[in-house]
Every structure is written in structure tokens, then in C-alpha cells.
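Single chain ahead, by itself, as C-alpha cells, in the form predicted on its own.
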């Protein structure tokens, strides 16, 4: 049992080190088109169970529910979809915000592959730590939401949400699910982790927040 636990721990350390090495080889972008960006590295953690270590070799991005073609994409296959870059401000319900340069794949492109069935109205995003949240399909298509795999030119690490972080423009931060491992389409409205605890399922940003720039 001790050896098994040690092996699991060692494996997690190797994966974390590999990801950290990949990030370390890249150079962070701190200004973009004249805009000062918030930093990639930060000390605070607002996750429910701490940073999650996801093995990129074993990872599969699953897309299911009300779809004609369920998907199970490897990390490489997901990244092969046409990436886009966009500066978006994330506003936390706690009153702070971050302005970051995101590189990611369009949620619309992913769903196009899966072919939503008639009646699909909500999209649920599930994280490696059991966290979840959902948004209307119409919003995700109209807002051109992203599944980001880079921030400020750096590949996401375990703290920042590897492998994918949902970028949901105009929505409060608890909708920006990190460590995404599954996407599910549903006909019914779905309430996620914080929504079941009384937070609004609409999560609209209604006022400016203090931006973090270090």
C-alpha cells in the first residue's frame, strides 16, 4: 500500500514538473495591444479542492448528453481545432477581476463536432475535482465562449486549470470552470456547485470590479 501511494505521488510530481517545464520554456505576455494584463502566476486559490493534476497522456475531453456524435478527444486532438486569441476580463463575485489574454478553442467548434440534438438547451461543464456549472447553449454560441489552454502565452498549469479553462464573457467567475474534463448537453436547466448553494444561475456581471495587476 505504501509503495502504491508513493508511486501515485511520484507520478503526480512528474506530471506537474513536466507541465511546469513547458510553461517555463515560454515567455509570459504582460501587455497586449496596449493593454496591461494581470499575471499568470498568483498566490490565491478559489477552487473547491485545490489544484488538480490531470495527466495529459491519459486525458480525454468527453462531450456527451444530447448529442448525435459523442466525443472523447485526446489533449492533442482538442488542440488541433482552430485556436483563437482573445483578451477577456474575468470578474469574481468577491469583487476583483483579471484581464488576461486567452488562447483556446471555440466552444461552438467543439459542439459542432458533437452535433447537439434538437431540444438541447443547456451545456454543463464538469471539472476534475467534481466542480460543475452550466450555461444556456444560446449564450455560449452568441458570446463565442472558449475552452482556453493558454493564458498570457503560457500553457495552463495545475494551479491555473490545466487542461482547459472555460472563458465565459460577461459571466461571473464561478461560471469559468477550470480543469474541464467533460461537457454535457441537456434539455433541462442545471445548477452547479455554487448555484445549488444560492448563487445566481445567470451570473451576469453588473458592475465593474477592481482589477488585479501586479
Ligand SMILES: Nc1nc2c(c(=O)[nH]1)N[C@H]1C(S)=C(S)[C@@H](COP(=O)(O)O)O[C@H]1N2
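Just so we're clear, the structure is a prediction, and the values are computed from it rather than from any experiment. Residue numbers count along the first chain shown, from 1.
As for the form predicted in complex with the named molecule, it is not shown, yet the points below apply to it.
- Not one of 107, 122 and 190 comes within 4.5 Å of the named molecule in the predicted complex, counting any heavy atom.
- Contact with the named molecule, judged by heavy atoms within 4.5 Å in the predicted complex, is confined among 85-93, 112-120, 68-76, 139-147 to 85-93.
- Using a 4.5 Å cutoff between non-hydrogen atoms, residue 178 counts as a contact of the named molecule in the predicted complex.
- Although the partner is absent here, residue 102 is not a contact residue: none of its heavy atoms lies within 4.5 angstroms of the named molecule in the predicted complex.
- Contact check for residue 58: every heavy atom lies farther than 4.5 Å from the named molecule in the predicted complex.
- Taking non-hydrogen atoms only, residue 42 approaches the named molecule to within 4.5 angstroms in the predicted complex.
- In this stretch, 101-128, the one residue having a heavy atom within 4.5 Å of the named molecule in the predicted complex is 127; the partner itself is omitted from this view.
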